[in-house]
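Take a look at this single chain, the form predicted alone, given in structure tokens.
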């Protein structure tokens, strides 16, 4: 196991999937859990269903974590079993607590799946592939594709390395803070030796087309256009719900723009 994977496993075993005093996992700090954003967050999570066939025998959850949000459970509602694979044993303990006998739980490597060809009628992967070194991203996608049954689909959510929409929003916020004489915090990239958080390496739409386009059928859909930082910075309690309903409508009206220029794409693989 590479040093990167060892650090990721150690982080999630010891920190990321431990519940804090408020009942949420430590990892939930990367999500906007405020009431004002809850409706928008819930609806974007359910967009994964747009990339899955509704019924089947086995659904692979590649890098499952603890299946931490209620909406995540809906992905396998029409499947006999949800096969949760994760590098973290703590993640799988928590997943078993949450979905019980509906799940099978496997400790494994996302880039080297221990399953036979065509084993699954569907697959999901939520914010997991970006924890691999970039050199292993193509193999992770290829492994999910390999283990899909013919004519089935996989729905994968990760963040882009650089989102023009959210970069513009963050630059505007920094400009306002400088104008008011307030301190400005620069966003840090988390690397393998980072002391805060865990290793993350992200990609962009051009990478998807270049690395995957000739090997499998891939469609880039919108999952969530706004980053957590943008939500927390711009969406206020007064009027915030109405604003986010407008954002959600715009994402549906202009899906290609938000899929490629927003923060989080829904990458759908078809076999």
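On a predicted model such as this, the values are computed, not experimentally measured, just so you know. Positions refer to the first chain, counted from 1.
Beyond the structure shown, there is the form predicted in complex with a small molecule, which is absent from this document and is the topic of what follows.
Is residue 44 close to the small molecule in the predicted complex, meaning a heavy atom pair under 4.5 Å apart or at it? Answer no; every heavy atom of residue 44 is more than 4.5 Å from the small molecule in the predicted complex.
Going by a heavy atom distance of 4.5 Å, is residue 68 a contact of the small molecule in the predicted complex? Answer yes; at least one heavy atom of residue 68 falls within 4.5 Å of the small molecule in the predicted complex.
Even though the small molecule is not shown here, does residue 230 get within 4.5 Å of it in the predicted complex, heavy atoms only? Contact with the small molecule, no.
If we define contact as a non-hydrogen atom of the residue within 4.5 angstroms of the partner, is residue 37 a contact of the small molecule in the predicted complex? Residue 37 lies outside the contact set for the small molecule.
Stretch in contact, per heavy atom within 4.5 angstroms of the small molecule in the predicted complex, of 163-171, 95-103, 143-151, 125-133: Stretch 125-133 is the one.
Give a yes or no on whether each residue among 226, 256 and 261 has a heavy atom within 4.5 Å of the small molecule in the predicted complex. No.
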